[in-house]
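One chain comes next, on its own, written as structure tokens: the form predicted alone.
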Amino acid sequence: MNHQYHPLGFTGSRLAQGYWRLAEWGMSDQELVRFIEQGIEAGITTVDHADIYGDYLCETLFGKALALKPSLRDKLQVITKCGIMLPSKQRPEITSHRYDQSTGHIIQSVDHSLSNLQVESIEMLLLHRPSPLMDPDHIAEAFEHLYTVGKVKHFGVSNFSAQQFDLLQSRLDMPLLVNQVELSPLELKRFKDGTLEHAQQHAVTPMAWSPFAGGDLFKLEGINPTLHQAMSVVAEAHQASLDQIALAWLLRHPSGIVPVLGSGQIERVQSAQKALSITLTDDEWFAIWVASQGHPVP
């Protein structure tokens, strides 16, 4: 099958805006429209969703805003995820917290997402987590269908190891373009387990969820004083904030990491964008690496 895909990872903005906390932001539809517009003005056009975010409500809130200003749609790259079953008042048929990566569920989940987001197609679908019952042939059947009918343009995964990624890729004609994993100066596991080397080898874009370690970055003094000191020295040298340095540290990696921001405060989003103009030296990058590890490089 001759799929026309972008050969070098996913084409989107260097930072992505995550909407997993959208239901907590307390924005009116019109305020959300303005937030999306200001994000686009700041150069952040990739938006990250999942079916389960906000107890299955975030996609719907976002869709209402898009419906108010349909011209925003073509300026965005919309990502959503599926595969986690979460018991909820919104989904009374789900009786236990588990995974479902069956052909039928993936297709049905995308149909729900398109309806909730009020869009005809999405740029990227990710499998939210690897399942111990993952059947790559069933997933491939769903992906082929969704691509053929024009509902999903590209596909990827989230929280997959290199081996899990390769298993799924072996059944697909189209390349998986994204692996979204947890990465931050406090979370080094994926830097060490081959995930990022694998991404570079296969032209996969790594996206970083929780680039500020779920807010722990802002409590660093109590969690890891050594890392706090190292990052503070680098921040002072660049006249930057700790969160800008955390992003610049991720952006410096040769795999092309795309951090996913989680704030609903536009000032924080605009501040984050300034990290793109900060280039850390090797000395600065390794100072943060060593401080996070707690020991020198071998």
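The numbering used is simple: start at 1 and walk along the sequence shown. Remember, predicted model here, so these are calculated numbers, not experimental data.
One more form of this protein exists, namely the form predicted together with a further copy of the same chain; it is left out here, but the text below deals with it.
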Practice item. Within 4.5 Å of a further copy of the same chain in the predicted bound form, counting heavy atoms only, one of 174 to 182, 67 to 75, 147 to 155, 194 to 202 shows up; tell me which. Key: 194 to 202
Study note, to complete from the structure: The one residue among Ala140, Ala213, Ala162, Leu114 placing a heavy atom within 4.5 Å of a further copy of the same chain in the predicted bound form is Ala162
Exercise for review: Determine whether any heavy atom of Glu221 comes within 4.5 Å of a heavy atom of a further copy of the same chain in the predicted bound form, and answer yes or no.
Suggested key: no
Check your understanding: How about Ser131: is it within 4.5 Å of a further copy of the same chain in the predicted bound form, going by heavy atoms?
Key -> yes
Practice item. May I ask you to state whether Glu24 is within 4.5 Å of a further copy of the same chain in the predicted bound form, using heavy atom distances? Key: no
Point to revise | Partner proximity in the predicted bound form: Arg268 to a further copy of the same chain, non-hydrogen atom cutoff 4.5 Å | key: no
Practice item. Look at the candidate spot formed by Gln30, Phe35 and Lys189 and say whether a further copy of the same chain comes within 4.5 Å of a heavy atom in all three of them in the predicted bound form. Key: no
Point to revise | Any residue of 72 to 107 that, in the predicted bound form, places a heavy atom within 4.5 Å of a further copy of the same chain | key: Ile84, Thr95, Ser96, His97, Arg98, Tyr99, Asp100
